[in-house]
Structure formats: structure tokens, C-alpha cells
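One chain comes next, on its own, written out as C-alpha cells in the form predicted on its own.
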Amino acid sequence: MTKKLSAMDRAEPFKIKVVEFIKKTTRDYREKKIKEVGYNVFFLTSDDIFIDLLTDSGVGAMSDNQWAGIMVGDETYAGSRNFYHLKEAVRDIMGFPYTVPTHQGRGAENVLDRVLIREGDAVPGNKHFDTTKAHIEDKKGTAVDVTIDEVYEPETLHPFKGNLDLKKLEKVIQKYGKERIPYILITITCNSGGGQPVSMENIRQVHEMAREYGIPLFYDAARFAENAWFIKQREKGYEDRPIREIVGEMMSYADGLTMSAKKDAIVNIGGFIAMRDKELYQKCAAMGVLFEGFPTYGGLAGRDLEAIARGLYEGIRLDYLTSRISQTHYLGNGLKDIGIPIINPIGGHAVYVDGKKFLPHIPQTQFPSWTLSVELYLESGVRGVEIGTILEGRDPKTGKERLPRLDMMRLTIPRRVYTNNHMDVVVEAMEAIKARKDDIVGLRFDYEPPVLRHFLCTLERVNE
């Protein structure tokens, strides 16, 4: 598993020159606020939050170099020099000659899926995330999970739980036929599986199967750099390989990718599609004009494109990745020490609490992990998020509730934002919740949207 790191390795490779003050609130204040917003933490305002672990998307702290890039933004509608800086960064780091910028990752998914997916198609992959699955289903396709079984075993210390099961994958290909599979998707790292990485060996094997059947292979590459760090830490033969070299090999096996740059490029907004095939690029560029904007800005300001280009280089720095993932492990180990059930091994961008195991008296249909996120906010002003039943949604064909085998509360660490003192607050709050957990009651819908319901739903206590 991950080797023991020294204090020098764990130390942040930066110093702080700007701070933003955050507000501490009372329990009475938080009880009033969470009820006002229908027990949906997405509706809380930033002023209501003390420590925000809702997501790592777009909430990182940019560097002085990135902020300097903001000041040289070229806001030309067509042909911004910042686009060409981004294009060159993608080519240099990832090896893809064609780039279509988008306003964020889901914009990239929408454009690519509109080009590739037809009604009745299937996209096999390792636990597609919420927007990924929603875009596939919006195009009348089916997202088919082919992750290894170990991903559903919270206590199992498999080093690469994000791996695809090759037997499952081949069965899907044989069931649908290669003509009905527009691409195979590997999410690196696997967010819905607990932030778990995918091994280089598995990536290579999936690549070989994809080539055998003539099916394109794409990545959801939002956290590609973190995945490379885990390969370096856990996979034999990669211990002495530079992160950039590992990234290069990972990318060499894919035909293209979608990326939310708000993660491993450490920016507040932006994403892109990258690919090798010129014809596919032309189709995506044309579709991008319709939904995102001209292909040299893609819904972004030139300054945003520049920040992404610079952030891609910062995101693959070994010292940064080691310090960043060490903080996640600091929180995870702190929770394990007080007996909080979490998904093991600890992932890269977040710690996932096993909500079903922590609150076994709450039925899954009353949303234990969502309930736990509400309790964490009430206890401490810390905002986490459910990766479980509400996020999973209903089966679009039957309308029945989908009950995922993993029902978790995600505590997501923003990049370069919080200190370990903030992580200690989370641990203390969870210890207090543990002491009263048997008295916690579940939730039911007050309003349930038809798609991506976790963003807009409202709930109420089952005993109200």
C-alpha cells in the first residue's frame, strides 16, 4: 500500500500570502438554516459554512503564477493566444494534438456524447459519476458498470479498486456488439468508488481489449495526476518514474478524454475534450460551437484558459501531489482512529464515510449518508456531500429507486485551501455524532426533481 511519508514529504510546497476569513456559527443558527433549505446542503450559502468539503471542483487556491496568467488574458473572440497556450500544454503533458475547450467537465461530456452516442448504445466503465451517467442517459444510452468487485468491499485493501473487470467488460461488448459501444470509459481516479485509482496494468489491458474489438477508449481525466501519483506509490516498476512520465504512458493508451479542469488543473472554472482523431475533433468543435462557443474559447474567458494551461503543469508536481494526498490521508486516519467506518484504502481527493454502516438503523430509502451530511453540518458547520442513494437516482426505464451497494458521505478536500487543524475539526465533529448516532432519524423527499435530483431536491425528517 502507500509507503510511509516523511514530514518533509507531507509539508506543503508553498507558503500562504493571502487569507480569506471564514465564519463560525452556532448550533441554533445551523438548525434554522438547514431546515430553511429543505435539508439540502447544496442550498446553503458560503456564509453558512465553516469548513466546506462539498467538493474539490473549482474550489482550489490558485498560485501566484496562475493569478499572473489571469492578468495576461487575451479576450479575443476567435484566436485567443491563451487557447494556444492551453492546446500546447495538453499536447506537451498528455500527448493529444486536438483540444476543444468547454466551460467545465460536464460541458465536455455533453459535447462528446452528443457526437458519439446513439439511442440504445452502452458505455461500459468504472462506476460512472453523476453527470457522466446523466449525459449518457440523456442521449438514450446506458452506462454499464464493470468495476472490479473489490470496489464494493469497504474494508478490503486492494491498491487499485478503480480497476475495470476485464471479464465483465468483455461480456458487455459481446452483449451489445462493438457497433453499439461508442467508447469505453475509464474514470481516473474513480470518484463514485471512493476516489480509488486505476493501475497502469489495468489501463493497458483495457486498451488492448478496446483495440481488439475496435472500440475507442476515453478517460474521465479530472483527477489524472492523482491517479499517476498512486501508480507511482503502489505499482511495481513505477517507484522511480517521474509523474510526468507516468502521465505520458497513461495517456498513450487512450484515444481521448474529457476533463473538468476544476480538479487537477486547480482552477475555478473550465474543462476540455482532448483527442487524437482529426475527424472526431471537427465534429466536437462543431457541436461545441452550438453549446460552448467558438473553439478557441469554449465558454471561457481567455484568462481562464491561461490559468488552466499553467495549472496543468502545477498539478503534476510530485511535491504538490504528495502534500495534497497526505492531507486526505491525515483526515482518513483520524476518522479510523476513532472508529468511524470509511472506504479503504483512503483515496486521493476525499475521504468516504460508509453511511450505511455508520447509521445501520436508517433504511437506505431514508438516505443514511445524506442524513449524515446534514448531521455533520448541524454539529460543526462542516459541509460534506452524499455519494449514495439520492445521487444514484431512479432507473430511467422503470422509475424505481436505485439502491447502490456503496452509500457514502464524501468529505472532499479542496486543493491548497485548508490546514490539518481544519481536518481535526471534522474528526471531533464525527466523534460527537458517533456518541448520539442511535438517535438520528432519516429523511424523505419533499420535492424530487427528475434528473440529477441531489442538486435541487428538498427533504424533511421522517418524524416530522
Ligand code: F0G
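Keep in mind the model is a prediction, meaning the values are calculated, not measured. When you see a residue number, it is the position in the sequence shown, counting from 1.
Not on display, but discussed next: the form predicted in complex with the named molecule.
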Spell it out for me: taking the named molecule in the predicted complex, does every residue among S57, R106 and R410 have a heavy atom no farther than 4.5 Å from it? yes
Please determine whether I308 contacts the named molecule in the predicted complex, using a 4.5 Å cut-off between heavy atoms. no
Partner proximity in the predicted complex: E292 to the named molecule, non-hydrogen atom cutoff 4.5 Å: no
How about N191 - does it come within 4.5 Å of the named molecule in the predicted complex, if we only consider non-hydrogen atoms? yes
Taking heavy atoms and a 4.5 Å cut-off, does A222 contact the named molecule in the predicted complex? yes
Have a look at 158-166, 311-319, 240-248, 131-139 and name the one stretch with heavy atoms inside 4.5 Å of the named molecule in the predicted complex. 131-139
Just give me the single entry in T99, S369, S260, N82 that has a non-hydrogen atom within 4.5 angstroms of the named molecule in the predicted complex. S260
